[in-house]
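We begin with a single chain expressed as structure tokens, specifically the form predicted on its own.
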Amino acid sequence: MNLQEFTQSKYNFEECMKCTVCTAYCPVLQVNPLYPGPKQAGPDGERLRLKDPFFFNYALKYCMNCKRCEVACPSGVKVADLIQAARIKHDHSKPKLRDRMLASTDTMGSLARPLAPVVNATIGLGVTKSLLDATLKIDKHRTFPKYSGRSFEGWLKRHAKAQAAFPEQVAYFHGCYVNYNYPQLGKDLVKVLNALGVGVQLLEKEKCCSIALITNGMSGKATKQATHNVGVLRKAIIDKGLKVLTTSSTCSLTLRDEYPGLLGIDNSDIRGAIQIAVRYIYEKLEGGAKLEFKPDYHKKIAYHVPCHMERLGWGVFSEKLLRSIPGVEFTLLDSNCCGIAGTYGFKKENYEASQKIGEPLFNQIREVNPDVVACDCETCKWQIEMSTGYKVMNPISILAEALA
């Protein structure tokens, strides 16, 4: 099999009908004229790159990897994967210090946690933001997530004996956000699963899912971390017979699809056992399990389906769970990208476009005026809270709050 045949079989780019539906759905193209769009950057550009290995368009860096082009494509072409794979293969420029810092979530989290109150106060200062803007080109308007002084891993280790007593067990890929920034989400998941008679185990030394490394041009380190994670996942899934749950739509997509699609790591033996927690909980309830809710719980909830959740096709599980809570007034928000795309929206050169992309979503949230916005993605949470002032909660945390 030659290179063209291999690329075609992997990404299906010759199935592109040039219908430009992906172009119409691309959030970046609507606000940034420097980006050629998914059709031109993906299938059209790949044909040129296969003919001339020296052809590479640096405008591909403007792709957010939101996957909306793949959701829209009627032919199932892996447009976003084509673009990201081209960046991995052809972009040999060294990542900036800023990009390395933004992508090194485990390192930054480990350094910040012991001094969390000081770090949180410092990065919230206007002078600090201006300094980061001037030196690292991290936009001064961006609000950083706060760090927690205690890790989720430490908390769950202290409760390991109680969790082991439950008749059914799952493993939890908590990710960087839960471990370093917001352990409460992990605690909420434990509360909901315990109410279903399910205990929660930590994975053995998990690392960041690596999506930030991939999108910041550090594919070598991403591959190393992903290989480690696949080994850890196999121990839980194959050796222990456990399912592995996540609470992040992006972690879910990365573990299941980006590892084989972009990093060439075979996870076919374990992929089916990795799923987002809302799906697992929904299937348990459909199978006859029960959750009891507070009779006086009332909340107006607007649900935003994150782009990666939409790509997985799993937004329906969060929607059905939220609708099942008595006393909830539910609104499903229109399909829109929030604009942050992980570390993308932190960069000075992307900030304005990031905010313009999210404006339709922000406006609809203001029109609905909910008590809380529900969302399965932590970076969407940061973007929506910063840009609208509305509180954002993971559907798992809403379930936990509503439990009797």
Partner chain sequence: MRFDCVIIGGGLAGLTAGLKLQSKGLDTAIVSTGQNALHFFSGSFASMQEAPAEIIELFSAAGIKLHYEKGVRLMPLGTFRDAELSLEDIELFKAPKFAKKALVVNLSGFHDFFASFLAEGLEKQGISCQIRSINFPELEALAKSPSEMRSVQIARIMDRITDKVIREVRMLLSDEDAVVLPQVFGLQDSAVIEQLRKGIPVRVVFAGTLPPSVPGIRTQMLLKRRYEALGGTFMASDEVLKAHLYEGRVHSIATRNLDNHFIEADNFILATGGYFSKGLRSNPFGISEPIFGLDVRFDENRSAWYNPSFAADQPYMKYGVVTDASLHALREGKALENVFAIGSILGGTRPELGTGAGLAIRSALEASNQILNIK
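Every value quoted in this text rests on a predicted model; they were computed, and no experiment measured them. Numbering follows the first chain given and starts at 1.
One more form of this protein should be noted, the form predicted in complex with the partner chain, which is absent from this view; the next part is about it.
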For this chain shown on its own, do 104, 306 and 350 all sit within 4.5 Å of the partner chain in the model of the complex, going by heavy atoms? no
Only one of 369 to 377, 32 to 40, 337 to 345, 46 to 54 has residues with a heavy atom within 4.5 Å of the partner chain in the model of the complex, and that stretch is 32 to 40
Exactly one of 291, 316, 111, 136 comes within 4.5 Å of the partner chain in the model of the complex through a heavy atom, and that residue is 316
With the partner omitted here, the residue among 120, 75, 194, 201 that in the model of the complex has a heavy atom within 4.5 Å of the partner chain is 75
Subject >> Contact label in the model of the complex: residue 279 to the partner chain, heavy atom within 4.5 Å >> reply: yes
In the model of the complex, does residue 232 have a heavy atom within 4.5 Å of the partner chain? no
Practice item. Check whether residue 96 has any heavy atom within 4.5 Å of a heavy atom of the partner chain in the model of the complex, and answer yes or no. Key: no
* Asked: Would residue 115 show up as a contact with the partner chain in the model of the complex if we use heavy atoms at 4.5 Å?
  -> no
Taking the partner chain in the model of the complex and a 4.5 Å non-hydrogen atom cutoff, the residues of 309 to 324 making contact are 310, 311, 312, 313, 314, 316, 317, 320, 323
